[in-house]
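One chain follows as structure tokens, the form predicted alone.
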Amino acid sequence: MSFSVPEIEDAEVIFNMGYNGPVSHPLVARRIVRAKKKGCQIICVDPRKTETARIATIYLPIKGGTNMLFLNAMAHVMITEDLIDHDFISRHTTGFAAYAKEITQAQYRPEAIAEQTQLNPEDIRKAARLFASSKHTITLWGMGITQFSQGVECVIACSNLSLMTGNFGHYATGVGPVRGQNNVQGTCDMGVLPNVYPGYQAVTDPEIRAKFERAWGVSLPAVPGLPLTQVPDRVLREPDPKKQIHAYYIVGEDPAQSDPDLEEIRETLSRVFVIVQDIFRNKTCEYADVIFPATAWGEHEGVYSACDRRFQRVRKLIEPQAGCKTDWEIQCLVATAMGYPMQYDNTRQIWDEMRSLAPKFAGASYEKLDSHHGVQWPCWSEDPEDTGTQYLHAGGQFATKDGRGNFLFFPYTPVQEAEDAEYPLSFSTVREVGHYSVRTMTGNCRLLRSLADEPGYIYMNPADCKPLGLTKDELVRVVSRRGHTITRCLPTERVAKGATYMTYQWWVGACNELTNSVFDPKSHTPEFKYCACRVEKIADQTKAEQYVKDQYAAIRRQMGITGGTSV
């Protein structure tokens, strides 16, 4: 995120695409509402009429899977109507001429992409003009554009819009990926990625690798590791024994619930030695050979990264249950048992080691974190006056070799699985405010279970429900090429005809039985937001209701949860 979350409320225009703050991040949503009250104009691009869409100045109900067509059409309008910042482009960017040559082709005119995107061409033009009308335009995106096989390229396309209008490098402007899970920014910052060490330092750089080898007293590989989504391939289909995976250490994650194509991941987990480290039992624990009970927030200390690059202290409030240890203590014990002695006295020692190895984080000492209630990286110096970086690319200086922002053009790539006669509806995963992520935490909260419980809902347009004879709360079977699940029908005009949506946290109504495991070739992110499905009516509702109750009770018994089994 190039700006700070507090800056959102001072934006003049918010371009919101594939993101619904009120559900995903209520505190960020509060900033959006404050901006609206101050006169901010909001452009919302989303297939569903979300809470954000309801307060938008311009709402564009885009057809799922056509994000790149729309973004290229936005750029086409800005360039052909001369809505761009020529001075910023010439002084601070490269590649614009080649990009403009591609983007101004007739195939990206709003009128040319109207049928595929299901958008009014004049609305696209209005949105482009509004975006370019301010030097305080902020772009927010979420999983609605990244969880596609063309996700990375759509992120770059969003950045192109900000580059060509000079919306980088000053207060209340720029681009904001609003992260999907708590501390996902922190895991990236700390090098829990296959291709970088902490501080985004490439594992392929021999000087950087040597620095970490000296600090840790080890020899490190010169090639990137394996993306998470390629684990099943290395377990189920890898012919070379040296490349096969035989053990899977899973920390704070629940792939048996959250990964695409759950049939495949169940087979994967059943074939390897599985270690699970978590705060509650989850679906993956059914396959675990070893379970390490870890402490939850409030039971340990540490440092947390917010989505706007802000390091914050986490402080211990209560003692954990007997037998639980912090994540870092568990990992130290495992490393030591495997022959690599690893020992720290406290989290500060770990953090100071991190700062000594990651130049971007060097100045974010505990003292600064305390005195300033957080520090945003980059923070290069121990100097007390260096309190971090509120917004990136100040003065149009970018973190590239030549210090310039690079324009990159990408053509539209269709989704990997489209609707057909057998599977006539599109399917997408979404979020809801009542339950979080895979429900490991919120599913163990009695109050939240009373608000919403198994097996969840499939959101459908009433026009799609009518020919099937479906009514609200009726249990239905949802089927894709990979599997099926059972859930309740929720007719709503908020979704377009031909489209369906489910939240992915339910254990019985597990929508990832349906999702497609194809992924973005650059980020290896699965295409959770689009596949084909069909919805089937269940004739015997009494039997179906009993099935849901029995399944839910069985899952809860397996997880060691007692009481509160009503659905």
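Please read all numbers here as calculations on a predicted model, not as lab measurements. Numbering starts at 1 and follows the sequence shown.
In what follows, reference is made to the form predicted together with a small molecule, a form of this protein that is not presented.
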(request) Flag this candidate site as yes only if 91, 168 and 395 all have a heavy atom within 4.5 Å of the small molecule in the predicted bound form; otherwise mark no. (result) no
(request) Counting non-hydrogen atoms within 4.5 angstroms of the small molecule in the predicted bound form, say which of 118, 437, 365, 159 makes the cut. (result) 437
(request) Could you check which residue among 125, 431, 266, 136 gets a heavy atom within 4.5 Å of the small molecule in the predicted bound form? (result) 431
(message) Taking the small molecule as it sits in the predicted bound form, is residue 409 near enough to touch it, meaning that at least one heavy atom pair lies within 4.5 angstroms?
(response) no
(request) Indicate whether residue 270 is a 4.5 Å heavy atom neighbour of the small molecule in the predicted bound form. (result) no
(message) Against the small molecule in the predicted bound form, would residue 31 count as a contact residue? Criterion: heavy atoms within 4.5 Å.
(response) no
(request) Mark residue 251 yes when one of its heavy atoms lies within 4.5 Å of a heavy atom of the small molecule in the predicted bound form, and no otherwise. (result) yes
(message) Please identify, from 452-460, 292-300, 160-168, 481-489, the stretch that has a heavy atom within 4.5 Å of the small molecule in the predicted bound form.
(response) 292-300
